[in-house]
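What follows is one chain in structure tokens, specifically the form predicted on its own.
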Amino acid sequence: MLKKLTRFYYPETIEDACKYLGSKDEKTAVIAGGTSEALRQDNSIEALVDISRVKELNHIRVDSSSIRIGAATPVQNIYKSTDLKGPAGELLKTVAGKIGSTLLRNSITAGGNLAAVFPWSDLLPAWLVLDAEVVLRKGKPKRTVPVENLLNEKPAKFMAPDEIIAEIIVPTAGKGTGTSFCKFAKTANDYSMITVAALISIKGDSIVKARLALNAVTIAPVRCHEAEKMLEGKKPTAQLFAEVATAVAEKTEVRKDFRASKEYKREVLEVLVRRSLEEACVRAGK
């Protein structure tokens, strides 16, 4: 583990961070909270670029149309934020509050949780159901892409070596939309075995928008597009949610886990999907 590590860099700007990461003289990697360093497998890394001091990467900004969260923002700040309100803000606060312990939440960052793409990265299904976008910076140049695109291709492959996650942007959701998050783990501080996030928007007596995403139970975070199609345009009923939950449980490729059998996790997944959809629907009506 990091047997060749000899240097740390502490840039104060995004431009300097990207300059260090693009160095041709040594192999570098970015670090923020550092909670995933013990799992890093690349022994060729010679220097770590610590972006925790880059002030423009640590913020939560809310306006009428979006929520913008800096990549180096600790998830504890998300959990405790008084600015995050409405369906999107409440979902992010709920998920952040379920991530590990207080000590871990003060170390884990919004961008790090996204970049590492671990099965137990709880925020990932929330970003997916919220149609979040990520701002990638390469010094001053930047590009904004859907989080789903980043996750589908894996951040390590999608991003250039001298490119960093700078910000996550979430559109706000108004009246008629509800969100929900369900997590299954052995203890409150244990790695997740199943996470389910849902978003339901209702107009009249029909579901006009549905989002459903999973993580932990799968090898990588996934959006359940087929399930969303089953929901949209339909009247929200207990029977509909039960049918969708059954379909999701049957079609999901469950990840191996020594803590529980695939059969057991599939049964729990069906319950959590149904429960999450029902909760989102109830909140949409408030």
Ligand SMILES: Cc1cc2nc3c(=O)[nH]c(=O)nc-3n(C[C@H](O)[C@H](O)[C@H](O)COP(=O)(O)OP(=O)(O)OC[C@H]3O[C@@H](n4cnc5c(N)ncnc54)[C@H](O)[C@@H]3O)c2cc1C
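This is a predicted model, so every value here is computed, not measured. Numbering starts at 1 and follows the sequence shown.
The discussion below concerns the form predicted together with the ligand, not included here.
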property	result
Residue 236, heavy atom within 4.5 angstroms of the ligand in the predicted bound form	no
Contact label in the predicted bound form: residue 173 to the ligand, heavy atom within 4.5 Å	no
Partner contact for residue 26 in the predicted bound form: the ligand, 4.5 angstroms, heavy atom	no
The ligand contact in the predicted bound form: residue 107, any heavy atom under 4.5 Å	yes
The ligand in the predicted bound form: contacting segment from 140-148, 85-93, 201-209, 119-127, heavy atom within 4.5 Å	119-127
Non-hydrogen atom within 4.5 Å of the ligand in the predicted bound form for each of 196, 216 and 273	no
Candidate from 40, 59, 255, 53 lying within 4.5 Å of the ligand in the predicted bound form - any heavy atom	40
Sequence-ordered residues of 92-106 touching the ligand in the predicted bound form, heavy atom within 4.5 Å	98, 99, 100, 104
